[in-house]
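Given as structure tokens, the chain that follows is alone and in the form predicted on its own.
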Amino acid sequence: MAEENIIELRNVTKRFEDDGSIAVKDMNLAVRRGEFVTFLGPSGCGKTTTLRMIAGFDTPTSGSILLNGRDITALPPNKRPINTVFQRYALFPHLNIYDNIAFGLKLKKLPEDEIREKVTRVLEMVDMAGFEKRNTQTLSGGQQQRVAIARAIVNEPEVLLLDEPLGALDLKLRMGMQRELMRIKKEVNITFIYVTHDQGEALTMSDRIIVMNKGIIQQEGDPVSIYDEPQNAFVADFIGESNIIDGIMLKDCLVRIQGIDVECVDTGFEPNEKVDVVIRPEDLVVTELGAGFTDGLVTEVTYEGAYYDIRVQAADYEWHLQSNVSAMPGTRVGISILPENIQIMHKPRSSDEEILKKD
């Protein structure tokens, strides 16, 4: 029976010798066969270092990396059934598209007929059939990315690593390539591990998202749970936009915000425990004065196409709302929220937990 987990990281730490900084701290993670897993986080959070350790380009300071249950921590990159696609496509400028894709197969000394068959198949897969003789220098950014992906998957790796591969593309092309990657993923029996700082990209493409900050996994889960049920203030603030405000959990299902008692659905907190209260802008509703949990002054309204971005100053906090109904700057309005749309989170209690808070 094949191992369910294709990649495992066990207590992996990476410390850089030059300055002693820790890029990844005691990471434990299992990637299931056939998953599309995304490492998501801000610059410097350790996501690319983690990818490089899986690829074999960096070696963990401590801990181990397993592939199909076998320890590959010290195995060089060329001995691993893993390919990487980088943001810089690194295509060979002196070779045409066919020879770029066939390069790895020729190193393996496969028969020419088999090479031709494999290259033709992946060119069709990335919608580049008929481009075999084209010079890579004449291609658009999106086309070069397709060739880079074709060159990686033609070798039939067990794992494909992608390090911010769409970062250099414009918005429309990037969205198109996201759909292409999802389509390719369905056609090939390869595990995808993807690195990005783009939350929309992660939510759109992933089976599972690993949110990282300062070398520590903050939360992992499917896109819906990551967005709807963030486990700490950092995740809530990084994934989408959020109102994050101090509160006091008076008792189960009742939180005090700015001196106002508001019903929620959270339980299991200590009486009068200080908490972080997280509310998504799209969950707040503009109402008549006195009809919500608080009233405030509309300070700013911006039309964003799909919604109006509204700022409302109430007491010492400026609430951020996203609504399909506009409001007039300078007027006073009420703000309402359904109890189930309020997220209550514990305050951090240690230095590691402090990392979870918004910087």
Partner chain sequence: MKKRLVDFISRFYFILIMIFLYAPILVMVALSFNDSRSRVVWGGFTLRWYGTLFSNRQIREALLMTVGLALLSSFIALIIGGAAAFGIHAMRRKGYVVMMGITNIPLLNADIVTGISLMLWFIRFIPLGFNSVLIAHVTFNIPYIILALLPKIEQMNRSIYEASRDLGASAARGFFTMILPQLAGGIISGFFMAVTMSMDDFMITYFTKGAGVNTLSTMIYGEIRKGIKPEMYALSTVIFAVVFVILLIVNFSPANKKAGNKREGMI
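Positions refer to the first chain, counted from 1. Not measured: the values here are computed from a predicted model.
One more form of this protein exists, namely the form predicted in complex with its partner chain; it is left out here, but the text below deals with it.
Visitor: Which one of Leu289, Leu107, Val224, Ala74 is close to its partner chain in the predicted complex, taking close to mean a heavy atom within 4.5 Å?
Guide: None of the other options qualify; the answer is Leu107.
Visitor: Could you work out which of Gly130, Pro93, Pro271, Gly268 is the residue within 4.5 angstroms of its partner chain in the predicted complex, going by heavy atoms?
Guide: Filtering the options by heavy-atom distance leaves Pro93.
Visitor: So in the predicted complex, is its partner chain close enough to Ser242 to count as touching (4.5 Å, heavy atoms)?
Guide: No, Ser242 is distant from the partner.
Visitor: Spell out, yes or no, whether the shortest heavy atom distance between Asn83 and its partner chain in the predicted complex is within 4.5 Å.
Guide: Answer yes; at least one heavy atom of Asn83 falls within 4.5 Å of its partner chain in the predicted complex.
Visitor: Hey, in the predicted complex, is Asn189 touching its partner chain, heavy atoms inside 4.5 Å?
Guide: Asn189 lies outside the contact set for its partner chain.
Visitor: Taking any heavy atom pair closer than or equal to 4.5 Å as contact, tell me whether Asn155 reaches its partner chain in the predicted complex.
Guide: Although its partner chain is absent here, Asn155 would touch it in the predicted complex, with heavy atoms inside 4.5 Å.
Visitor: Counting any heavy atom within 4.5 Å as contact, can you tell me which stretch out of 99-107, 178-186, 251-259, 224-232 lines its partner chain in the predicted complex?
Guide: Selected range: 99-107.
Visitor: Though the partner is not shown here, which residues of 19-33 have a heavy atom within 4.5 Å of its partner chain in the predicted complex?
Guide: Result: Asp19 alone.
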